[in-house]
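As structure tokens, one chain now follows by itself in the form predicted on its own.
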Amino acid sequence: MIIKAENISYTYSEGGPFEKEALYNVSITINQGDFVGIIGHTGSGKSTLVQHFNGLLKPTSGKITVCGIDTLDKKANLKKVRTKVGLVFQYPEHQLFEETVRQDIAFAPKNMGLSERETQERVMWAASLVGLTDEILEKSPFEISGGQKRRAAIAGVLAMQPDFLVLDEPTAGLDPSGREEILFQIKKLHKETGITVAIVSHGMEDIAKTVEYLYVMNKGEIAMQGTPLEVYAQYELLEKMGLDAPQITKLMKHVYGVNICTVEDAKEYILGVAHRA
């Protein structure tokens, strides 16, 4: 078990004039090797929730255990939690600052006290996982494409070798090819390493073809959960929450009366119908 949240609530500026309840009575369990998605409209509590996963925020009430550590415990080793749970914020490339991509990826392991040899081994390991070449490693972060910057930022977190990788809107602001590139690398990373992954996203179609299990947040609560197919089959409920299921889901339900949530699965189904005909 990586994350176990039990009835956690969180209030910003508690007791002040701008008090706002962002999470209410949320319970969630994420196990080693899971690949989950967390979706919801803006202000639904997604980002607030995942910031509890590495102790950046602590619940106002309830309890959350991260890699066996209760983050509310006064003796909790939050530094250890943050090396176990790597959190990649939205637009992480804005945090790139070193002269080369290599130096940026090396920043975290260096600050963990690793030797130069160990640091460079981690840099090469992380870079290979996200598909960055030696040539890119020697370039300035400001000379490479948006998708490459995003991958470099992810590699910088992976260099800590966390047990759990949390990505907040990893495809935000990227063009279609950049989105495909990032999602491919994340799926490849999960498949090759078995690392636990959670993706926060608005991209309903991106999520549909990437994760194995979904949590839907609405007004600070978990409103729905299940496989992407189970969740998107209830697209009327999603629409009431301000979300929209993939268009292919609606089309296949309307035309064929079946629940399908990816273009690839729809293509396979339609070809099967044509073959049987």
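All residue numbers are counted from 1 along the displayed sequence. Given the structure is predicted, the values throughout are model-derived calculations rather than measurements.
This protein has a second form, the form predicted in complex with a small molecule, left out of what is shown; the following refers to that one.
- At a distance of at most 4.5 angstroms from the small molecule in the model of the complex, none of the three residues K250, H254 and Y269 contributes a non-hydrogen atom.
- In summary, the region of this chain contacting the small molecule in the model of the complex, judged by heavy atoms within 4.5 Å and restricted to 62-70, 24-32, 46-54, 206-214, corresponds to 46-54.
- Although the partner is absent from this view, H41 contacts the small molecule in the model of the complex, with a non-hydrogen atom inside 4.5 angstroms.
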